[in-house]
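Only one chain is shown below, in structure tokens, and it's the form predicted alone.
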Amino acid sequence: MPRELARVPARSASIEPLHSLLEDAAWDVFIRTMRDTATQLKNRTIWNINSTVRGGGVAEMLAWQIPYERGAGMDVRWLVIQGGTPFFTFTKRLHALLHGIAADGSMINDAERKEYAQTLAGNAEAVAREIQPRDIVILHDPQTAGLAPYFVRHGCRVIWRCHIGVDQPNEVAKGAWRFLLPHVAAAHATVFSRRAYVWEGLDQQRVDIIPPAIDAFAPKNEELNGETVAAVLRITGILADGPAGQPRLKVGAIAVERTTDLFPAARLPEDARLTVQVSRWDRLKDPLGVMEGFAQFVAPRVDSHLILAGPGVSTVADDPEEAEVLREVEDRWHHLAPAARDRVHLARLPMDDAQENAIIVNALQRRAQVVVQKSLGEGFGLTVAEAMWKGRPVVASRVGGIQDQIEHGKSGLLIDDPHDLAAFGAAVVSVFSDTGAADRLGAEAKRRVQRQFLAPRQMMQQAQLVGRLLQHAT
């Protein structure tokens, strides 16, 4: 049966503020590329299709990229596929398989294949009249890969963009590739975040490498002074009320008024030194390992508090496991040594308003003395770039795209083995122990993001790819 895809309201944003991030020569190349691609599109539309409107890096990226592209004169739109619990349960398992993890077995059974095919067929049928032949369709991640053959047959130019991957694929990961390969191979182009992620069996002439980027002017990354940071964290219920406590705050046009659900419920001291990880409640982000590593190897040596921050449960449509993972972390918290347990906090951030949520994350990262991302696997790790842009020293695993962002010892610290809790703890302690070195790491981190991981570079690479596809369109 056809499924009515969710349509994310389209808005436009001027690209002129991006000029301040580029030297004049680089800006000239960027603006010319964007305008040339807009001219090539003529009456064509670019459709982005993914699996959720909020939660996760893809949704965040589309939320800023599409308005800029529309501001540059392109007709760009965003659709979100619809599916039932069996579909998203399977695609979550498929996500794990692509990372080489087969907790529930590596075989994809006939019922899962049928659910995947039928759900995507219904989604394709629902938009077949709206998406016109000759349009550009950009499909994001495994949830949408099965749509590629439909839109190729429909006459569209199709790009499949994979935001995940694994450094050393095992047979489990390769088995998941084989399931998706007939769908993905139909696309006119495939995009990966890293060369190491490119699958065997793909036409290498159709492969592009485009690392993700962040928007320096998005609410999550905009400049906030210390007073605003403290006020945001007081109002949302993370820090203890100071003398200027108030029930509501405006940060620009964004209202901050909803409360974070803290576990345990007690607020943190106003002067607490913070170690912060911001991520979805996902086993690949290893919240259990972060908590154990902090409790065993950081808390006994440094007077820091740990905040594990993630979305409110049941707010990320394509991740049915989040509640289970959060329960596991809460259960393990009860077994920590009491002295460490008092300094470990789980924060379920309000998600009713995406911009409010972004401001809270921004404030948390800016308030942190150390930002960590101890992932077991990571496609890219946008939270790393976000923290680096804020000049924070970052301690992270040497996995996936994280190792492309951080130069160990220069713009952050990398842990070679994400399972080595002692090494993780020692790296965090070293940042707290040498504030001068921490400041140098943070300053170089911001410079590195400005050079390589801001919006104009990603937008220009994608525009160039779209332009090439249009040149070869029949």
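Everything quoted here is computed from the prediction, not taken from an experiment. Counting begins at 1, following the sequence as shown.
The same protein also has a form predicted together with a small molecule, omitted here; what follows describes it.
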query	finding
G57, N357 and E386 all contacting the small molecule in the predicted complex, non-hydrogen atom within 4.5 Å	yes
Contact of L97 with the small molecule in the predicted complex (heavy atom, 4.5 Å)	no
L349 within 4.5 Å of the small molecule in the predicted complex, heavy atoms	yes
Partner proximity in the predicted complex: G146 to the small molecule, non-hydrogen atom cutoff 4.5 Å	no
The small molecule contact at V278 in the predicted complex, heavy atom, 4.5 Å	yes
Candidate from P142, P393, G293, G381 lying within 4.5 Å of the small molecule in the predicted complex - any heavy atom	G381
A340, V361, L224, V166 - the one with a heavy atom within 4.5 Å of the small molecule in the predicted complex	V361
Segment assignment from 100 to 108, 266 to 274, 279 to 287, 192 to 200: heavy atom within 4.5 Å of the small molecule in the predicted complex	279 to 287
